[in-house]
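Only one chain is shown below, in structure tokens, and it's the form predicted on its own.
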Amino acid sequence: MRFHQTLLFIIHKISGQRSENAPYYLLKGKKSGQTIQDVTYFQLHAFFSILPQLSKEDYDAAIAELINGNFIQLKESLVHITEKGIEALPQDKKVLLNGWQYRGKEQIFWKRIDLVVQTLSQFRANEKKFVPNQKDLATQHFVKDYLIQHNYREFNLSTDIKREIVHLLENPLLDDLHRTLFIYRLSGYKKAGLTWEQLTRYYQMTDLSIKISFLECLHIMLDNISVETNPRLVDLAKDIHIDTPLTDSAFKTNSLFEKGYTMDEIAKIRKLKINTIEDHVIEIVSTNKNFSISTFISKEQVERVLHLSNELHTKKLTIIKDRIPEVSFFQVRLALTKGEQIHE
């Protein structure tokens, strides 16, 4: 999926309900209550934190291009997709990203596998001294330990890793672009992987579009690594999956809820504003289907909020709050989050 198509896909989901900057915060992986809840509200888990290094300048330029091309419009500070924009959406193309699950950690996996391939290639050529393609010390230490644990002196290790990579690349969800990007980025003996600049020139694609395609490849590979089929690669994917998707602060709040503390008590214990704890509750509900919200809102109130939201085709808090004044903004947010989380 190209970068502009990604933006259109997200904007289509939030059309008329969020500002033009909402997709930027989503792609960057901003850990605010609003962005976290929007992930669940609009079912945008795939795109969360896929471009943490995205600059505002590049983002604004892309938005300007979409506006100038009449793919989107800004009305009263809200972004809307046009009919032309809807027509430009990828047809029947499955979203291949899994940003919520990896949040940038797929790059750690890539660094590991790139350095392992480079190192084994050097060793097979009897060249022990070389400049590692990956400069990150944590990656270098990890790979050193990995090679020792897997007995890198055995010829089978290179063969096994090659076979397992080929197996992953044969996944039908991947296309030729995905496969060639992965291969071209790898470094080996007397061969450096291609840079992003070289790849953008070769494919005549934007830097961001190339990077999104590469991310799709990594996410699909990671989604399909298993001990049964990839015993050599599975260790390279260690700690890459996000087991606890909560932010550190929300995790601490959740631990106190599990101990039976109320929201007011937690705010006092943690010396945080009640609004912050409310944001944590939204985040917890977004990630935990079993978290009970009965102490915050009744089942009847949840149903009223969801019914009204569906009837008016909106998730704008002020509109719903005006129609149901007896519920708080927090309760509206909670009901919408729970409702979308249930229907995932």
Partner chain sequence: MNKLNEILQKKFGHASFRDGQQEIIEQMIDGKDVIAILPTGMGKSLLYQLPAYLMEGTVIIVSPLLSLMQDQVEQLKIIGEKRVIAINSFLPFQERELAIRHLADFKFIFTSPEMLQNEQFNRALKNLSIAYVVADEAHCISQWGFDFRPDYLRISNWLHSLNDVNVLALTATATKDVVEDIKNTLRMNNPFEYIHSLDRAAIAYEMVEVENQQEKMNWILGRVTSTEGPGIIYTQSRKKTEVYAAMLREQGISIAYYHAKMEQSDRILIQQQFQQGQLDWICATNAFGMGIHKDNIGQIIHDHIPSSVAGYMQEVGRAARDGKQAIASLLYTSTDVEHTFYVAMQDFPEEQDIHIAYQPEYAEVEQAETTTRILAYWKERLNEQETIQLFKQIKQKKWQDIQSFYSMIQNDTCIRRQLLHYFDQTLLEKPAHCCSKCRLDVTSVLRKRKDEKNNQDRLNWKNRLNILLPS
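A quick note: this is a predicted structure, and the numbers were derived from the prediction, not measured. Positions refer to the first chain, counted from 1.
We do not show the form predicted in complex with the partner chain, though everything after this point is about it.
Asker: Using a 4.5 angstroms cut-off on non-hydrogen atoms, would Q101 count as touching the partner chain in the predicted bound form?
Answerer: It does not: once the partner chain is placed as it appears in the predicted bound form, Q101 has no heavy atom within 4.5 Å of it.
Asker: Residue-level question: is L89 within 4.5 Å of the partner chain in the predicted bound form, judged on heavy atoms?
Answerer: Outside the cut-off, so no.
Asker: Quick check on L97: any heavy atom within 4.5 Å of the partner chain in the predicted bound form?
Answerer: Judged by the heavy-atom cut-off of 4.5 Å, L97 is well away from the partner chain in the predicted bound form.
Asker: Can S249 be called a contact residue for the partner chain in the predicted bound form at 4.5 Å between heavy atoms?
Answerer: No, no contact at 4.5 Å.
Asker: Within 4.5 Å, heavy atoms only, one stretch in 267-275, 229-237, 249-257, 136-144 touches the partner chain in the predicted bound form. Which?
Answerer: It is the stretch 136-144.
Asker: Just one of L173, I242, I183, L74 has a heavy atom within 4.5 Å of the partner chain in the predicted bound form. Which one?
Answerer: Spelling it out, the residue with a heavy atom inside the cut-off is I183.
Asker: Which one, V117, L208, M263, L218, lies within 4.5 Å of the partner chain in the predicted bound form by heavy atoms?
Answerer: None of the other options qualify; the answer is V117.
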